[in-house]
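One chain is shown next in structure tokens, namely the form predicted on its own.
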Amino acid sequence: MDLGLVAQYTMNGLMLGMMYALVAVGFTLFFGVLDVIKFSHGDVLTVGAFTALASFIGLQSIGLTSDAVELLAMLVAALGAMALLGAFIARAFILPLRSAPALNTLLITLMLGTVLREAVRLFYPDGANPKPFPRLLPADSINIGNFNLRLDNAILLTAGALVIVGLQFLLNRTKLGLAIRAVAQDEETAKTMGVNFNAIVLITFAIGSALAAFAGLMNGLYYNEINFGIGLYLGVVGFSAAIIGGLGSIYGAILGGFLFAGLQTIGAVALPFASAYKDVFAFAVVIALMAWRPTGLIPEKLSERV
């Protein structure tokens, strides 16, 4: 195969992997602080993407046409709104169920995800149909043989990497990160040391939901289209990535996201029966890996959670 095509497929895989990793990291954060799986996480991504689109339409309606201003406003609106939504979900639905069986939390977040998804479909204007997403990033590209490096893709990939690096800095170099890790490792000891447990949980859910919103915005800018079902798919893939990487490990979630994207890319390129089965191939390999390593590729260590 031509090296240019290999580079093109690699770039596409990296873009997908970055989006999957952002979603997977959210699942890991939630599990780290409360040992819960929030199955509405993917649908928060959907709401975030549609919030960004609604912000763009609102700015257009008042005559603002600067790409930079529109993109910044979409970013602030989506991340801010989803951070608030994530904190609200934690406060209203997750924390009250801490003493209930884990299945209750799974079911309520699963049903909440359906509510969010159907709300977008029913109440967003023509929400049942795919919506065009604005092209706000530079459309320039560089051709190197059969490899076409799009500037917008490079910007999105760099932005995603900076978000992950920023999250790592927050968790490992700030007092807030120290509090989050303390709660993840030992809730009772953290409380004894003066950590406000409920506040840390709300902040963690806000951060994870903002990451989902960022992934939704990336998805829209990459494909230039969104629909009310994107979160369902990305949620399943993100959860699979978190599991295969090692639920409870940030590095495992990132590794799992890029691994899943790599498997999809290999499936699309190498399988003789076309790319329609790339997801089947990726999930089949994930199942095999889970049977081989049930704790994930980077098993969680209780002393190193989150």
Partner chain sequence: MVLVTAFLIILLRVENQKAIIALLALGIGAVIAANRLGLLKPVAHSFSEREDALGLLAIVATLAVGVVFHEDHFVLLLVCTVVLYTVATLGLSIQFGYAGVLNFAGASFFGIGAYTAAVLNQHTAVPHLLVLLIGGLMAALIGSLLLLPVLRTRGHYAAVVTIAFALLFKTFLEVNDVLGGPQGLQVRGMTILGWSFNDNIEIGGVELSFYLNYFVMSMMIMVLAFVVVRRLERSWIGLNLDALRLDETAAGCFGLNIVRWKITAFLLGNFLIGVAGTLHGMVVGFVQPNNYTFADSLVLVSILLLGGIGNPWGVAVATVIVVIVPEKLQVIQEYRFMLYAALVMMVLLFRPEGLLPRPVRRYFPGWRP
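Residue numbers count along the first chain shown, from 1. Computed from a predicted structure; not experimentally measured.
What follows is about the form predicted in complex with the partner chain, which we do not show.
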item	value
Which of 31-39, 57-65, 250-258, 263-271 lines the interface with the partner chain in the predicted complex (heavy atom within 4.5 Å)	31-39
Non-hydrogen atom within 4.5 Å of the partner chain in the predicted complex for each of L14, Y124 and A139	no
Among the candidates V76, L103, I155, L162, the residue which, in the predicted complex, approaches the partner chain to within 4.5 Å (heavy atoms)	L103
Position in contact with the partner chain when the complex is considered in the predicted complex, options A199, L72, M193, M111, heavy atoms within 4.5 Å	M111
4.5 angstroms heavy atom contact with the partner chain in the predicted complex for F50	no
Contact label in the predicted complex: F93 to the partner chain, heavy atom within 4.5 Å	yes
Contact of L107 with the partner chain in the predicted complex (heavy atom, 4.5 Å)	yes
Contact label in the predicted complex: V115 to the partner chain, heavy atom within 4.5 Å	yes
Contacts with the partner chain in the predicted complex - residues in 233-249 whose heavy atoms fall within 4.5 Å	V236, F239, S240, I243, G246, L247
